[in-house]
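Shown next as structure tokens: one chain only, the form predicted alone.
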């Protein structure tokens, strides 16, 4: 439900979009109160992974105030100042590291000190984007806004699968005084496919079978396909057996589309055939390429955030069909920052889409997102 303003505190109900609200509260400095969190459930209140997220936000800020009711069904959050710096955080294994890492990626450029975060937990989870996907498809988007990749790094130290995790990543993000506006209306044609197949505590032949099938599908469309295998051993293989694949399509205009699939969680009784996994991931990537646009659909929301926070100038970008998550995020941006996006659905014969006639007829509907940045300034950066 939409926010209700009470004494300058944004009031929400329910557990939906919890992460979006905390993230935008931290950036805007506006306090929020969320009530009726799973109040009708048998197990009411915040989940362990949500409490874990609040702890992470507390670590990278100074002066945050959190009040939680006894039942956990009501939360008051008054954000502090973004400090950043060196942090070490053990993520809840109910969600992937990606759940937490996306928040750090969104907040990183606005911290007082460059972020150097070490996160432990599950690197590949069904509910969240993997660390591989963030590294290959989200970091290039941030580069468009900050231009210099000095100090921007994401390193996978160890992989870890659910339920026990055991993975570890290091994320470094430089700070910026402000983000530049962005005009991004061309994404080009796919020129190569790259990928990685990981095998954790399972036979190496599993990885080879996944590679063979995925490559077989992709070679029907493109000759430049290379899929690497990452045979993790010992402590680097995490604590649970699993295997999975991440595929990346790169266009000649430096746009990246990513798709991934992983085996079912150990102990569920189901078995995953490597051939099915490879085929499933290849088809997911083809679907993402079909959606098109300048960014991968999983990161439309973070693109919208950085466009909204940019300098007081017009930013515009053409993306594929908007995801439900992005639509909700745009509504939240209006509530927290008062930013309104102009959304135009482009017809297939629109000149801006592509000069290639074939692509016009075969690609999915595109949306042109336009906004004027609010000129968000990293105040802490001035004091460095």
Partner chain sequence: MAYFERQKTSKNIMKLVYGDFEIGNKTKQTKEREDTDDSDDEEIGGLFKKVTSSQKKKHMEKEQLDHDECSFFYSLDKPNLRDWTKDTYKQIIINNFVTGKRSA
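Numbering follows the first chain given and starts at 1. Please read all numbers here as calculations on a predicted model, not as lab measurements.
If you look for the form predicted in complex with the partner chain, you will not find it shown, but the lines that follow are about it.
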Position in contact with the partner chain when the complex is considered in the model of the complex, options 54, 27, 339, 318, heavy atoms within 4.5 Å: 339
The partner chain: the contacting residue among 112, 178, 133, 201 in the model of the complex [heavy atom, 4.5 Å]: 133
Partner contact for residue 14 in the model of the complex: the partner chain, 4.5 angstroms, heavy atom: yes
Contact label in the model of the complex: residue 345 to the partner chain, heavy atom within 4.5 Å: yes
Distance check, residue 376 to the partner chain in the model of the complex, heavy atom within 4.5 Å: no
Close approach of residue 230 to the partner chain in the model of the complex, 4.5 Å, heavy atom: no
Stretch in contact, per heavy atom within 4.5 angstroms of the partner chain in the model of the complex, of 230-238, 92-100, 178-186, 152-160: 92-100
Residues in 281-302 with any heavy atom within 4.5 Å of the partner chain in the model of the complex: 283, 284, 286, 287, 289, 290, 291, 297, 298, 301
